[in-house]
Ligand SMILES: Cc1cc2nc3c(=O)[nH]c(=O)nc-3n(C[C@H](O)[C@H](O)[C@H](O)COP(=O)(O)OP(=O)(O)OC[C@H]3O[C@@H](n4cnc5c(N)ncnc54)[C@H](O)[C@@H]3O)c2cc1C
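Presented as structure tokens, the chain that follows is alone, the form predicted on its own.
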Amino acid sequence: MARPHVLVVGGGFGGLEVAFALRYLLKDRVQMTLVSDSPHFLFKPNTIYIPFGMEPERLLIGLERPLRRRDIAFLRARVTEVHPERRTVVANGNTIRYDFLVIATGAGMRPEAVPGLREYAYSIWTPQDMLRLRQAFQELLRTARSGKSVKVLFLVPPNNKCSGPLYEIVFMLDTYLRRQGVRERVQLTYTTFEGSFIQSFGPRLHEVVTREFERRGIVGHTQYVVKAVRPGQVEYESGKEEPYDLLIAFPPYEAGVRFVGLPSDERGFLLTEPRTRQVRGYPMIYVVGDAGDFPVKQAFLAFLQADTVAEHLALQVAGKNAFRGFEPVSMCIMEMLDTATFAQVPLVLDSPVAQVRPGAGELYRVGVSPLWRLGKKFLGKYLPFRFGAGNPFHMGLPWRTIEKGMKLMSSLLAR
């Protein structure tokens, strides 16, 4: 393979990061094609602002220009089949050959896994879902201003792989309602199947959420496993019930695309070698981000996986590159509109249920401060800027500078 062809399937965080990182590391030593069923990259973490007034168009970046800038061919299509024995994929009926394949097709939602969830709950998965929720919040305001009380129930069912955005929505709604002067007429209740709040991220984040719930007058319940949703009522497996006027849920996850013939779990997530992100038994195929079997689905972890794949591919193609392997250390900032929570969480590698790495020490940090909101806003502008210019987010001098800044902030504002 004098100049191997790397085919990247998916135009989200993982797909773009691995494509731009490969070009950064290997220059013109590989041909690249990126296939996506959308002409845009969506900065999904900031869709949480849509219910409170942000327009979805502000979160979109066209793919053609930055990919062309890096000499990466772009094909708008949906890949539905992978044939590893022939090293081909099928996209919109056309066959594309590859030397190396990177699958970054993300995750989808399966609300029908819970009876009644699709019919009666508002979701927070797509920009369209968020626009529907904006309308629901406007109706909520009208009802509360008329003097009536409203019960809003938040629900996290089993098989949700990253509940953080729903925690953001409940905190943001609390702040929003206070600013509108109607908070005393709205009852906020939060129920989750988890054994603790944001369970994968350990006891420190649970403590933060518990304190914030108490401070804000939000009723929170853990180990509430939903059984069924009915009009105005949620039934749990314990026999308990919770009433609602407005139900907001983050449904169970499933793979965005199921690839028949490749090893996967019962929800379609591809099984990988933990350190390299190669599909088990298929060393020429890699998986990054939500399409893979790592139990936490999150943008920052997708970046780490993408960089791992880029480094491993560079080692295979050029024979000279440092390879560290995938070490999952999550970083996230949880928005609350009046303050924010920062969390840096080293996770156990390849655990069926992700948890804080034993002996994490100083790497495990959590802190609450309004200053973290500035950090979130900066990343919300900087990351689209990097992708818009055809550059990887997580490599080079700019990232090293940001990383040093975050370490300094976390040393002062987190413990």
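Quantities reported herein were computed from a predicted structural model and do not represent experimental measurements. Counting begins at 1, following the sequence as shown.
Heads up, the form predicted together with the ligand isn't pictured, but that's what we're talking about next.
A heavy atom within 4.5 Å of the ligand in the predicted complex is found for exactly one of 313, 302, 340, 121: 302. Contact with the ligand in the predicted complex, judged by any heavy atom within 4.5 Å, is made by just one of 177, 79, 72, 248: 79. In the predicted complex, the ligand sits within 4.5 Å of a heavy atom belonging to residue 38. Interface membership of residue 257, defined by any non-hydrogen atom within 4.5 Å of the ligand in the predicted complex, is confirmed. A residue is said to contact a partner when one of its heavy atoms sits within 4.5 Å of a partner heavy atom; residue 102 fails this definition for the ligand in the predicted complex, lying far away. Contact annotation for residue 297: at least one heavy atom lies within 4.5 Å of the ligand in the predicted complex. The partner is not drawn, yet in the predicted complex one stretch among 403 to 411, 6 to 14, 389 to 397, 21 to 29 has residues with heavy atoms inside 4.5 Å of the ligand: 6 to 14. In the predicted complex, 44, 45, 47, 48 are the residues of 42 to 60 with at least one heavy atom within 4.5 Å of the ligand, listed from first to last.
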